Ligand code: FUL
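Taking the form predicted alone, here's one chain by itself in structure tokens.
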Amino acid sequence: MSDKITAALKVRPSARQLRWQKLEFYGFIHFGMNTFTDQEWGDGKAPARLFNPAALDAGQWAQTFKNAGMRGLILTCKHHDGFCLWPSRYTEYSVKNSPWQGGRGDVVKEAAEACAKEGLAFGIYLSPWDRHEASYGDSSRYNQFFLNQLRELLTGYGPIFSVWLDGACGEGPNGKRQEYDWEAYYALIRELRPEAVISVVGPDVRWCGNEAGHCRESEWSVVPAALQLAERIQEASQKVDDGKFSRRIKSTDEDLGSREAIAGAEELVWYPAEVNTSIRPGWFYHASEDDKVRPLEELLEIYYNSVGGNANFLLNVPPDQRGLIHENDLNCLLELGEVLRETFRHNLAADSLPKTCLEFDLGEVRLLDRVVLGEEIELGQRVEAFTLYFRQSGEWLKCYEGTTIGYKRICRLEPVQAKAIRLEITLARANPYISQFEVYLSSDRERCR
């Protein structure tokens, strides 16, 4: 065994990363001034009086997400335009100067309380880029401003499971360049919310590399430590809304953790992937996209490839100008939740006794087309390749070949009639520890599509 593989086996997730991984599927709420100006990226000049979601109902957001099978919600508390969805003491550009609830409203508070009521984890997005704030571009002054706002969010709204930071960076006043003090941001989060993962531009959760919903065939959680710095590089950050960035896929990033990929790495870290994409072409609501909501088949494909491929799935659902999730999005999400619940309701192997640790006799011939596998990731990620077999009339037949397993691998098979099913690990970095082996039949509605 090479020294690098030995080193990789020693890399384990933190407690906060384990908690995050178990959420699996959660939602993004992009909502703010852009919702009312019909933009994706505002310039911070739209007056606060435009923000007026007369029917805002964060309870509807949380209920919809829960019914869709999600376990958490992340709110864009401030996007690049600088408009704050809470009454920040450090800027006048916030809900306190809008007509909504007479300037006494707090969207962050309503969202956090709705999540608590529905049993969802609550997370915050705070854009480092602020196109309204005058101190942006004066690095030390703005970094203190950002820390002040971050402190408000971390201390005023209860438990937080994720602080989601992106690396968008534009020019400040007179062309001044803002240098973000990432280490200071991280230190404050660790001090005030040690349970929260710091996502994307942060040390805990890695961006999958695109916003199109594309997933890797082999997703490793143990990767070179240099990837933790990748999204901080300002030259590579998104500076303009060019209409192409959100659908860009970096093919050169397809292999991040194989033996070959880690061979030259100086240091390895546990840095699992999150797949983030929007249910619509845009991230904020636009009436022109009401007929462009992603169909159920597409959402299921992303779900299986992300949650079922050792990554978490963050799906953006933008409320409309009423402050409600639009009926088209809502109906699609409800159908998604129903299909997932139907598919994974009854584990066909639940009452089966394993003949060996990796072979289950189902007791009788069963129709099946989903096998869910998982590794004991507290002990690291080990499996590099595996094969599934099913038995018919005494003969073992191959039905699936895969690579990594990690926290979860959902294997989609053509429907087969099987009396028994077997997992064979064909390549591993050390003795594998399999924690999950479940067998299902997908819902009628999914199979008929």
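Throughout, we count residues from 1 along the sequence that is shown. None of the values given here were measured: they were computed from a predicted structure.
The next section is about a form of this same protein that is not shown, the form predicted in complex with the named molecule.
For the residues Arg409, Lys66, Arg422, His30, the 4.5 Å heavy atom test against the named molecule in the predicted bound form is passed only by His30.
For the options Asp329, Asp81, Glu211, Asp106, the one in contact with the named molecule in the predicted bound form, meaning a heavy atom within 4.5 Å, is Glu211.
Shown alone, this chain has one stretch from 81-89, 146-154, 161-169, 336-344 that lies within 4.5 Å of the named molecule in the predicted bound form by heavy atoms: 161-169. Interface membership of Phe390, defined by any non-hydrogen atom within 4.5 Å of the named molecule in the predicted bound form, is ruled out. Residue contact with the named molecule in the predicted bound form: Tyr93 places no heavy atom within 4.5 Å of it.
In the predicted bound form, the named molecule sits within 4.5 Å of a heavy atom of Trp283. Looking at Ser221, you'd find every heavy atom of it more than 4.5 angstroms from the named molecule in the predicted bound form.
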